[in-house]
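Read the single chain below, which is given as structure tokens and is the form predicted alone.
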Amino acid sequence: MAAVSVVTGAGSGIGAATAAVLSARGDRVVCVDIDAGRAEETAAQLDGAVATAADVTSPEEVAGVVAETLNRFGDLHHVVTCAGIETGGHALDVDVTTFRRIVDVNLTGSFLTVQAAARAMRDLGHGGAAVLIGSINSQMALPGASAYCASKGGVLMLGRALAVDLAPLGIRVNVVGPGVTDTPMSAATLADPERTAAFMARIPIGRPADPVEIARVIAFLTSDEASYVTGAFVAADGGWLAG
């Protein structure tokens, strides 16, 4: 019987690539995005996938996604929290509304999504797997990214805490830390030759990741091959953190 996977932020970037990779291996995928049209575009390209719109900062909307998943497929095995935002700015200039919004989407949204999915897995009487999307900024800082770094550092510790809490239920939780990845979120950076050259100089592999390369790591962590992996931070960064 096919596994059922929920992927947030599935409208573009790593989320869309993850939905595609999980679908290709046979999962029934629920593509979630705050933009209904983008979620539908992703799902339309995948066999047996469905789309739904939700704001991951809303407990009610996240619970609704899980309820819809169970109503549609009758089960839930994996959840991947790709929904995220990034806004730069010097720490002295970032306003509190922006700071709170970034933390709310990236950190609180990850918590609410895994919490709702894990409750369903518990009630279904079987385990499962959750993958949170952190960043190299979960472990190191860059200038002009205080809010984003705070949110992604929180995601790393959230993943570890959830792994400890959920292990007795047979639910594994891991965090993937992408480096520079060729997604719409990184488009402005990659369009700037000077910034791109500076970033590439920090990456031993010397290029940004394709979103599919991150999605393949996520697919491994949600597979039986990773059955003894939980509470881990897996950097998929071309060697940035090693350099």
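Residue indices: 1-based, along the sequence shown. No experiment lies behind these values; they were computed from the predicted model shown.
Not on display, but discussed next: the form predicted together with a small molecule.
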Checklist entry - the small molecule isn't shown here, but in the predicted bound form, which of 161-169, 115-123, 146-154, 72-80 has heavy atoms within 4.5 Å of it? => result 146-154
Next on the checklist: Just to confirm, with a 4.5 Å cut-off on non-hydrogen atoms, which of I34, V50, V217, A63 contacts the small molecule in the predicted bound form?
Outcome noted: I34
Next on the checklist: Taking the small molecule as it sits in the predicted bound form, is R101 in contact with it (heavy atom to heavy atom, 4.5 Å or less)?
Outcome noted: yes
Checklist entry - Contact between V94 and the small molecule in the predicted bound form at 4.5 Å, heavy atoms? => result no
Checklist entry - With the partner left out of view, is R38 within 4.5 angstroms of the small molecule in the predicted bound form by any non-hydrogen atom? => result yes
Checklist entry - Is A54 close enough to touch the small molecule in the predicted bound form, meaning at least one heavy atom pair within 4.5 Å? => result yes
